[in-house]
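First structure 1, then structure 2: two forms of the same chain, each alone, as structure tokens.
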Structure 1
Amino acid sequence: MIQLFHVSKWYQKEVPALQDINLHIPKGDFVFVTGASGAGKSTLLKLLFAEERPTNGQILVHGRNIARLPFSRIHTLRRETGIVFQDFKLLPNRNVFQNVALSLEVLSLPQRDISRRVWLMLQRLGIQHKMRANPLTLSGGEQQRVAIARALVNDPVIFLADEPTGGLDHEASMKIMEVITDVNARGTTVLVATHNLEMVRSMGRRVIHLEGGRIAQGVAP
């Protein structure tokens, strides 16, 4: 499913964001990516989403080398991938419902199907009562759940989340992880970057720990 071969990413010559990463993530796996701020977690997710290009190495997703994927074909990769950014990237000129529906509109689904799927996803995340609200009027936690709903509503092949429970209390965090776990159980490959080590331990999933842009060997968070 996802393979990285000797992948490095340099933003500046003196400071590598990622260095010589070799990684294999099978289809349907659920992986946490941990590490201190600046360890390379966000960079790794951006590379998998093709928001950034590696300086060196190959990244294969479904056998496609996305490190060399033409920009004209990146949209195909992104339609198969749900991603939650730390800054959410919600559209202020669309309400909550419309923000979530956007992921389905690009697939040209019938409006009836879009409405049903968006409503069910908002309900699962407990924000259906906010569906007509402007996202900028919501709390940070509510905006977070809208971003997660948008990323998951089209049943992506791959789900990437950068701190999806950041700033939430334990109960709210676990509810979100229940939704992500359910999506994973239906076959979606999941990578979650997080500082929440208590949650990581409680989930009992595979952990990739980054230190200074490298995968740390034999390190349990």
Structure 2
Amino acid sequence: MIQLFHVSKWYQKEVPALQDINLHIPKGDFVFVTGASGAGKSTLLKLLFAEERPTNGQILVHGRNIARLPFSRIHTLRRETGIVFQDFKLLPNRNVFQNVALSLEVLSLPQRDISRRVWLMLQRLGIQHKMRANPLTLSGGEQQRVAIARALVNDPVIFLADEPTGGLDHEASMKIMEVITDVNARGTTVLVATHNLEMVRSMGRRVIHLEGGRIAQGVAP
């Protein structure tokens, strides 16, 4: 469960990135966060994985107040959170398998377990045949699948995606959304920030629309 109470974020004194956000997202929900560029979508997601700290307000993720989470404990939150970005953030000096394995290496798991889980995850996303490939040689859709595999391989309870279909064509976008829907069907809470309204409408899910850092419509209290 994710709860935000009167959360504001100011990067500069004059312009708030987010203002007085109150949210309640139950466990297992699927939520789109929409809004124009600069509306605060990315900032909202960044607050949820403690990349940024709120200027005001409290954020509870599974009962833990992450607004006050010390720097030394951030990794515990990140290990429960799968994160995907529009620019994939894959390492070019590691192959597909090694990129995905990174999420399990940080848990210091035995190599045999890492190999088995990475293989299963690549298989689930249909990219197992690319496991030795350099990510830069893959198509945009394939690279995003690798990024999703890396985000999911450690079984996170929350999945955050910031413009996961940005830059992808319609077909590739729909395939990525199918994968994310499947993730949600397995019980993971999903938040997807996007400005692809057509896709949002076609999915028929809950929408949080941001305008100038405030929630504008379609919000469950």
Partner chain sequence: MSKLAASILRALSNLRQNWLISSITVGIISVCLFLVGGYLLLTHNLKEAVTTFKTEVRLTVYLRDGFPQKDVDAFQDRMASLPEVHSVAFISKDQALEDLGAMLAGNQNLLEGLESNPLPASLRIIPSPEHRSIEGVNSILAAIGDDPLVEEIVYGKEWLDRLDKVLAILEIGSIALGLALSLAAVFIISNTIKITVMARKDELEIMRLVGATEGFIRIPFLVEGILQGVAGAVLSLVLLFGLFQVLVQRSGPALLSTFRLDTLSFLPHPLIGLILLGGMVIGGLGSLASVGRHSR
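Rigid core here is just the name for the largest C-alpha set that superposes within 1.5 Å across the two forms. This is a predicted model, so every value here is computed, not measured. Counting starts at 1 and follows the sequence of structure 1.
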Block containing the form predicted in complex with its partner chain is structure 2
* After fitting the rigid core, is the C-alpha of His75 off by 2 Å or more between structure 1 and structure 2? -> no
| After fitting the rigid core, is the C-alpha of Leu102 off by 2 Å or more between structure 1 and structure 2? | no
In degrees, the rigid-body rotation of the smaller part relative to the larger between structure 1 and structure 2 is 15
After superposing on the rigid core, the Cα of Thr137 moves between structure 1 and structure 2 by an amount in angstrom of 4.3
